[in-house]
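Here you get one chain, nothing else, as C-alpha cells; it is the form predicted on its own.
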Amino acid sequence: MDRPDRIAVLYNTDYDHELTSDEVDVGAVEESARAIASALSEVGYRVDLIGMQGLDVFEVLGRLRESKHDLVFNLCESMAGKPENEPTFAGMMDLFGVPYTGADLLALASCLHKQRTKELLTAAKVPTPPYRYLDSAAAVADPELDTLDYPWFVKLAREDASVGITEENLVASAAALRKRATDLMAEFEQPVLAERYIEGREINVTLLGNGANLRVLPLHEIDFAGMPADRPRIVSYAAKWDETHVDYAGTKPVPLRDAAPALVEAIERVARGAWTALGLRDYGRVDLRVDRAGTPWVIDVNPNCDISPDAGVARSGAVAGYAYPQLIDLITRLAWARIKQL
C-alpha cells in the first residue's frame, strides 16, 4: 500500500517546564496533536490519539508494538519532564521496532545539543556564525571573549522555542556576554552557546522529503517593521508566546519579499546543506540570517518543528497550495515511503 491505514498520533503530556504566568500554554501541545489527528482523519486515516506521561513510556511502547498501528506520528518533545530525553524516546521506538515520522535519535540529539549542531555544520562547510560553547565559570572567564567581534548573541545550548531569549541576549561587549551567560546558566542549569550576531533578514526555511525527493516550501521571513527602534531585531521568547508584548507585534512571519533569484537559490542551497549535515528526515525547518553581503548563515536547525495549523510549516504549505489536511497527509506519505524502502 502507498500509505498507512492506522496511525497513532503520539505526544508528550509531561511538558518541558513548570508553568508560570509568562510561559507557554502547555495546552497548546495537546491542541496541536488534536489538530494533526483531526487532519489525518479528514483524509481517511484511522487515527488514535495517545498522550504519554513520563512514567508510562514502556506501557506506551508495549501498546504500540501490540496494536495494529502502521505508523506513529511522533510529536514527543520530552520524556519524564525533560526535553533532553526527546532523542531517547525516538531511539526506544527504533529499539522496539516501532515505525515513526520525523527525525531519528541521532538527528534529534545532534540538533538538541547546539554545539554539536555547530560542529556538524562547520564540518560540512555550511555557513554558520562563529561561536563559543560556555559550560562553566572558567569558560565564561576565558580572556578570548574580550577579543570577539561584537555584537554577539547568547542562547541556551539545550532549548528551542526561544526559551531564555530576551533583549539582553544580544550583547555588545564581553562584560555583557559574561553577565548574560552566567545568568542563563544559573537560571536554567545548562550550558549556553554564544555566536556572532548577524545583522540582517531572518529567514525560515521549511523542507519536506527525503533523498532526491527533498523539496523546499516557499520561504518566509520575519518582518521587523513593527518593532520599536530601541528593540533588537531578534525573535525573543515573548515574540513567540506573549501576544501582549511589543516583540509579538514586531516579529511577524511573512512570505519572503523582494529577494533576487540568486539570493533565493543561496538560501535554499544552504538550508539543504544543513538538512543533510544534520541527517533530518520527512520534515524540518532551518532558520537563517542573511547579512548585508547577501550571505545566508544558519542559526538553528529544528528537526521536530511545530506543524500545528497556525505554525510556520503550515503557512509555507498554504503558500505552496496545500490545505492543512493535505500537508499532514503529505508528511505521512513521505515518512511511509521512507520506511517501506528500509
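A quick note: this is a predicted structure, and the numbers were derived from the prediction, not measured. Numbering starts at 1 and runs along the sequence shown.
The same protein also has a form predicted in complex with a small molecule, omitted here; what follows describes it.
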Original post:
Would you say all of 10, 48 and 61 touch the small molecule in the model of the complex, counting a heavy atom within 4.5 Å as a touch?
Top reply: no
Subject >> in the model of the complex, the one of 235, 145, 207, 112 near the small molecule [non-hydrogen atom within 4.5 angstroms] >> reply: 235
Original post:
Only one of 121, 165, 256, 171 has a non-hydrogen atom within 4.5 angstroms of the small molecule in the model of the complex; which is it?
Top reply: 165
Original post:
Is residue 287 close enough to touch the small molecule in the model of the complex, meaning at least one heavy atom pair within 4.5 Å?
Top reply: yes
Original post:
Does any heavy atom of residue 82 come within 4.5 Å of a heavy atom of the small molecule in the model of the complex?
Top reply: no
**OP:** May I ask you to state whether residue 161 is within 4.5 Å of the small molecule in the model of the complex, using heavy atom distances?
**Re:** yes
**OP:** Tell me, yes or no, whether residue 240 is in contact with the small molecule in the model of the complex, where a contact means a heavy atom of each within 4.5 Å.
**Re:** yes
Original post:
Just one stretch in 134 to 142, 195 to 203, 265 to 273, 84 to 92 has heavy atoms within 4.5 Å of the small molecule in the model of the complex, so which one is it?
Top reply: 195 to 203
